[in-house]
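This document opens with one chain alone, in C-alpha cells, the form predicted on its own.
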C-alpha cells in the first residue's frame, strides 16, 4: 500500500477565477438569489431553471428525490424536487447565491376568488395538454406506417392477425338462458335504477392521459416566502441548524475547499466516505476520489481504517482522500491512499 502526502495549494485551481466567473454570470443575467425551500431542516429546489443554474454555473448537483409518473422504475429515474446536501446549502448561502425559505409557513390560506381562478387555470392547462395529445395521436393514427420499414410492417400485420385469431378462439358463446336479466327499473323516475351511474351527465374519458402539473409554488398568489440570507438569521428563525458541531464544520470546510478547486461533489456513503469527488460534471466523468473528513489534526485514525479505505478505493478504481480539517486555521490538508504492488 502506498501513502503519499498530496501538497494541494489552496489555489491549485484558481478559486478567484472560478468564483469571479460565477459572479459575472449572475451580474450579467441579473438573476435573483435562488430559493432553497427548507422543510424539516432539509433544503429543496423546485424550479427546473434554478437546478440548471446550480449545476452548470455553480457545480452543485444535489439528488433528485421526486417521482415521475411516466416511468415504472421510479427508484432509478427520479424527478423534482432536488434535495441538496447540507454542505451545498451552506455554501450557496454563504456565497450569496441562494437564500433559505421556510416553505411550510410561506403558504397562506388563499381567498375563494384566488382559489377559483387557480382551479380554472389548472383545468384549462390540462385541457390544452389533452387536446395536444389527442391531436398528436390522430396524426399518428392517420399514417401509422410512415416511419416503419417493410419488415416492421409485416411483423405488425402478423401480430394483429394472431391477436384476432386468439380473440375469436377465446370468445365465449352466450345463450339466451345464460344471458343476465336486465336491471329492474326504479319505481321513482327521479331516482336512478340499480346499477346505473348516479349522474348521467358525468362523462368519463375513454382513456387515460398524462398531464404535467407545475411543481413550483413561486407563481401562486398566496405564496409569500420570507427569505433568510444568512446562517445566523436562519438559525435564529429555527429553520436551519447546520453546521452546529465540529464534525459538521469540518465537512463544510472540506466541501468548500474542494468546490473552490473546481470539483463536483456527490454523496460517497456507498464507497465508504463522505463525498465522491469528480473532475467535471458527474454525467460526463467518473469520480477520481472518495473523500473522508477528519475533523481535527489530533483525531484518531486506526490503521485498519487506512487499509480498508485503500482496498475499497482500489476495488472501485478510485483513490481514497483523507481530508484533515483544522478548525483554528481554517485550512484543509489532504492525504491520498492507493494500493500498490511490491516485488
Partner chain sequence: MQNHPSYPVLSQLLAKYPATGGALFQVYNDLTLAQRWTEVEVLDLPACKRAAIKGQRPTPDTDRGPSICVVVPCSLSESISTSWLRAAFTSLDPLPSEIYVAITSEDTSTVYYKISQGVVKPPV
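Numbering follows the first chain given and starts at 1. The structure presented is a predicted model; accordingly, all values stated were derived computationally and were not measured.
Although it is not shown, the form predicted together with its partner chain is what the next lines describe.
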Practice item. Would you check, heavy atoms only and a 4.5 Å threshold, whether residue 303 touches its partner chain in the model of the complex? Key: yes
Practice item. Report yes if any heavy atom of residue 297 sits within 4.5 Å of a heavy atom of its partner chain in the model of the complex; otherwise report no. Key: yes
Practice item. Consider residue 263 of the chain shown here, and say whether it contacts its partner chain in the model of the complex, taking contact as heavy atoms within 4.5 Å. Key: yes
Review point. For 279-295: residues with a non-hydrogen atom within 4.5 angstroms of its partner chain in the model of the complex?
Key: 288, 289, 294
